[in-house]
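Let's start with one chain on its own, the form predicted alone, as structure tokens.
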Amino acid sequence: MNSILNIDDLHLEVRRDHIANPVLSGVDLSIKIGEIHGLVGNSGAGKSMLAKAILGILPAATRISSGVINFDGKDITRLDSKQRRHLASRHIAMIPQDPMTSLNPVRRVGKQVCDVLQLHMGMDRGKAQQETQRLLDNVQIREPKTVMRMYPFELSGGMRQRVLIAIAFSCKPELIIADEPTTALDVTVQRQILQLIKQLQMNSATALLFISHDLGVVAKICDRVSIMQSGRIVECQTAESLFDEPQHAYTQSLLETTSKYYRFDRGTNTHSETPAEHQDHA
């Protein structure tokens, strides 16, 4: 299977007081067309910074010092800012971490989705409104016409995240980056959102980079998993192989922690959310 994204020996640094502090150190990552690829690591490992490098939205003091980010045959590190914006808005989308703050609070939900369709897909207002209704229906929002007239504060966290997922899939991008999209949600809603993302990805065949600190969550939907530690990818395997035979000591330590709360079902590539020790007595 061909890859939509290939990152080769990527080095990223933050400059403070004329001193370069490394953030990413020789990252290698490949995402295949149509796969869900998990990126797991503790806070500060560099996961979100890698996502920002792909999207071209790095902070001002941060720069790529060397390496290649090849997206669909193009080294996007060599594109100018206008070209990067077009790529990020049309061909690479993002599902952000916090649904509570990621939508404009003073604009109606439908208008925010319509704006994306009109700007990036060239739709007129009527067509964009029809497509917005369809997209909200696809993410299992009841009465989408009513929701389109509402403001974000009138929606629950789970509904706001569904709107953000609809926006991410709206332009039919080749790659979606989901940066811990269920962190701010409770467990029941989290499960629903994961199932929704998985179903939409399967229907669209869009490649998905799913960023998380939780192996239990990643195991539910990912085909392959890369483990990140201190700005480096230390291991990459299929999800099943990773749980069967972790190679790196850091991966093994993560799995030891995870196994206290999840039991990996290799037949279905999912995790039970019941503590393993409780299952033994069930």
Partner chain sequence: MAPRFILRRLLLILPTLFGVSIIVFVLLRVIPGDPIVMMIPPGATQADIDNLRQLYGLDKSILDQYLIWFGAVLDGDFGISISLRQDVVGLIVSRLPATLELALSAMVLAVVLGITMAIIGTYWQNRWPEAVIDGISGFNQAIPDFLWGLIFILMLGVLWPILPISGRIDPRTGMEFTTQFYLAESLLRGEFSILADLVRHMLLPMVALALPLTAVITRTLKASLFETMTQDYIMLSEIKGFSRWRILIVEALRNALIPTVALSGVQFNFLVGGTVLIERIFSYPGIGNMAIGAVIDRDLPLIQGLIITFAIIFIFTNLLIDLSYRLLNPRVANE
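Positions refer to the first chain, counted from 1. Here the structure is a predicted model, which means the values were calculated and not measured.
There is another form of this protein, the form predicted together with the partner chain, and it is not shown here; the text below is about that form.
With respect to the partner chain in the predicted complex, the three residues Val139, Val189 and Leu196 uniformly fall beyond 4.5 angstroms at the level of their nearest heavy atom. With the partner omitted here, the stretch from 124 to 132, 202 to 210, 111 to 119, 70 to 78 that lies within 4.5 Å of the partner chain by heavy atoms in the predicted complex is 111 to 119. Shown without its partner, this chain lists Ile167, Val147, Ile176, Met159 as candidates; in the predicted complex, only Ile167 has a non-hydrogen atom within 4.5 angstroms of the partner chain. Checked against the partner chain in the predicted complex, the residues Met228, Cys222, Leu254, Leu55 give one hit for a heavy atom within 4.5 Å, which is Leu55. At the 4.5 Å threshold, heavy atoms of Asn104 reach the partner chain in the predicted complex. Interface membership of Thr183, defined by any non-hydrogen atom within 4.5 Å of the partner chain in the predicted complex, is ruled out. Of all the residues from 130 to 161, those having a non-hydrogen atom no more than 4.5 Å from the partner chain in the predicted complex are Tyr151, Phe153.
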